[in-house]
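What follows is one chain in structure tokens, specifically the form predicted alone.
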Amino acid sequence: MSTVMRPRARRGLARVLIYLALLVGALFAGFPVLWMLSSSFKSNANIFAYPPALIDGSFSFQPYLDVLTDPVKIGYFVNSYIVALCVVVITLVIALLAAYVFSRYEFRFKSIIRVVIIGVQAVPPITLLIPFFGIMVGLHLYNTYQGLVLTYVVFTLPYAIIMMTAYFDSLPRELDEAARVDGAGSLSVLWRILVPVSIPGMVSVGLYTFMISWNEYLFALTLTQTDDRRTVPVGIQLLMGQNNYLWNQVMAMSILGSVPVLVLFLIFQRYFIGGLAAGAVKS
């Protein structure tokens, strides 16, 4: 009896240790977010009070009111939504068309083109900052939505094509053949047959694209000049003035800026995980 219980005891101990390690990791990762949330309700002076406290007597919603009642700061959020949603739509449309061609057709230089697409992912974006700045100025797209959207599409499209190609490869070709027997053309097969069953993959790509566009800072700072075109990350940085840092508003705006991505992930979590799993394995 004791020999039977020992392996069970070891497994129970191992499970407890794993849970403890996960708990410590979760606390380590989550505490900065918790502190950011706490600081967003404090006065600017009390954020650096000693000893520190998560909740103190200066608790107030005023930092959020300062952000949500400022037309300039609201404009940052509007700009981020416009840019991010445009990038998602354009990336998905182009990625679906390209992935369908790569998955279902054989053509010359196909493997070379795929290698180039994958290789683009290995280029550090910061090395492209000055070339993109010159291109946008030359095309008269500096400080415009179009310039930001075009830039972000260049960064999100390679991953989207790779992901959607892998997802289409996991779908049986019998679906295409059955539709063609009924007289459907290539575009009809794509939009009426493959797209409806590829919703998880599209959600994964869409969320990834939205997060990249929503959180990007360096190119948004470089390619915009006026407040009516700047996005949330740049707006947060502008709260750090030369002589005064509005830390409570920085924290409040950071929390508000995290909400859209968090809400989208919670809503589409099932599709997101399913799309990643399906796109990673070719059946």
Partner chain sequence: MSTSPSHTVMTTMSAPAGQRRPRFGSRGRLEPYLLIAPTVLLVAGLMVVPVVIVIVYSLFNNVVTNQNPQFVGLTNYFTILSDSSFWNAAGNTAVFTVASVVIHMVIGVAFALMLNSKLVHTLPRSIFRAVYVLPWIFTASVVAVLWRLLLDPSGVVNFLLESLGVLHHAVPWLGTPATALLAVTLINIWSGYPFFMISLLAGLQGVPADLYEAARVDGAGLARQFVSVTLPALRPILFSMALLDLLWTTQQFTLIWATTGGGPIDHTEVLSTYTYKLAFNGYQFSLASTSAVLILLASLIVAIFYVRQQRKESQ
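Positions refer to the first chain, counted from 1. Computed from a predicted structure; not experimentally measured. Under this definition, the rigid core comprises the largest set of C-alpha atoms superposing within 1.5 Å between the forms.
Omitted from view is the form predicted in complex with the partner chain, to which the following refers.
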Closest heavy atom of R192 to the partner chain in the model of the complex, within 4.5 Å or not?
no
Would Y64 count as touching the partner chain in the model of the complex under a 4.5 Å heavy atom rule?
no
Hey, in the model of the complex, does L157 get a heavy atom within 4.5 angstroms of the partner chain?
yes
Using a 4.5 angstroms cut-off on non-hydrogen atoms, would Y145 count as touching the partner chain in the model of the complex?
no
Picking from 67-75, 81-89, 196-204, 177-185, which part of the chain touches the partner chain in the model of the complex when contact means heavy atoms within 4.5 Å?
177-185
With the partner left out here, which residues of 28-58 have a non-hydrogen atom within 4.5 Å of the partner chain in the model of the complex?
F28, A29, G30, F31, P32, V33, W35, M36, S39, I47, F48, Y50, P51, P52
Is the C-alpha displacement of A49 equal to or greater than 2 Å between this form and the one not shown once the rigid core has been superposed?
yes
For V259, does the CA position differ by 2 Å or more between this form and the one not shown when the superposition is done on the rigid core?
no
Superposed on the rigid core, does the Cα of L65 end up 2 angstroms or more away between this form and the one not shown?
no
